Ligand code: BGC
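Take a look at this single chain in structure tokens; it is the form predicted on its own.
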Amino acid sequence: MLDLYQHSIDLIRTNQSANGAYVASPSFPTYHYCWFRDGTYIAYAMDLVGEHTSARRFYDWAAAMVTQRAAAVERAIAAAPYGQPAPEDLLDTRYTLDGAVGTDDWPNFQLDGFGTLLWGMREHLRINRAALPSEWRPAIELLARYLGALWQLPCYDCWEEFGDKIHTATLAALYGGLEAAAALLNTSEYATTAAAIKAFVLDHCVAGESLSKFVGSPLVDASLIHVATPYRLLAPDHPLMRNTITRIERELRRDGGVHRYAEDSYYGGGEWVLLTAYLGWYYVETGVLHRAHELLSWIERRATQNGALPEQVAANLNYPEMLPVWNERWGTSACPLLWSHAAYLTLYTLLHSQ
């Protein structure tokens, strides 16, 4: 019987490029890129399973990708008080494995990945009990200033949708990243900005008694798990978080897996492996271990015979009629997805450390 835990480690290691970047999916041409968001969560999982060299190589690569755009970032920071900076001055969210900027038509103004990267750098150093590498400092300072200048602007969310909205999960990632930068650089400046972001979320990102998908929306999105786990804008047991998780359970789970949001039609809007794992991670943090075990088992049953975990499972679709539309456009959905394998490793490792 295939060992999905070890297979996941091997798969990630095999699909890390020589320069440190992780390909999002080796078998899905549309995802032949490395995103900071996906890459950081993959590196975090690799740190948890003891593959620290792999994680360090990714962060070294990411820091280099950021600092090479320093001049453009400075222009973006200067322009931010007057509106959205010029597109060519925005930091790129994805790269080819040789470090080139992606040229396909893809939403680029996404801020959450940079907050995630800062959070991940801090976690890497915490797990390894290591000092801040001197070569990371310029990238961390640049990212923190960039996020501090742009956080109030609408941008695409972590699903690369709704570019005209201000997204709660994005703000949580920026909060976590700026808190990390403040700690790494030993300055209160970025913590002050993080506090302003938290105040904004509490004032503008609440619908009834739970968090909302974006400002002005009554919808819930499973990415809201990250407001608590791992970014800690709110504690996992905060009433808003508990109510949000209750809504996610009620509105976005049907057969054990977790959907992104109710109106999702991407590949029909199926159940996402990584979100199922992160809901389990939340339950580990709140001590509801039987639910975490149920979610882990659901994921393991969705692996293919050769041990591949997909991006999403084509079951209980929100819009079944959209599945053939996406299949015709891009082929069958990504499988394996390295982020799914990383999320599985994260849940497995944290649950079995209890």
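The structure displayed is predicted, hence computed values, not measured ones. Numbers for residues come from their place in the sequence shown, where the first is 1.
Only in words, not in the display: the form predicted together with the ligand, which the text now covers.
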Contact label in the model of the complex: residue 47 to the ligand, heavy atom within 4.5 Å
no
Can you check whether residue 337 is within 4.5 Å of the ligand in the model of the complex, heavy atom basis?
yes
How about residue 162: is it within 4.5 Å of the ligand in the model of the complex, going by heavy atoms?
no
Residue-level question: is residue 9 within 4.5 Å of the ligand in the model of the complex, judged on heavy atoms?
no
Please determine whether each residue of 119, 125 and 179 possesses a non-hydrogen atom within 4.5 angstroms of the ligand in the model of the complex.
no
Note: the ligand not shown here; in the model of the complex, the stretch from 33 to 41, 313 to 321, 65 to 73, 281 to 289 having heavy atoms within 4.5 Å of it is 33 to 41
None of 260, 213, 226, 247 but one has a heavy atom within 4.5 Å of the ligand in the model of the complex; the exception is 260
252, 155, 158, 90: which sits within 4.5 Å of the ligand in the model of the complex by any heavy atom?
158
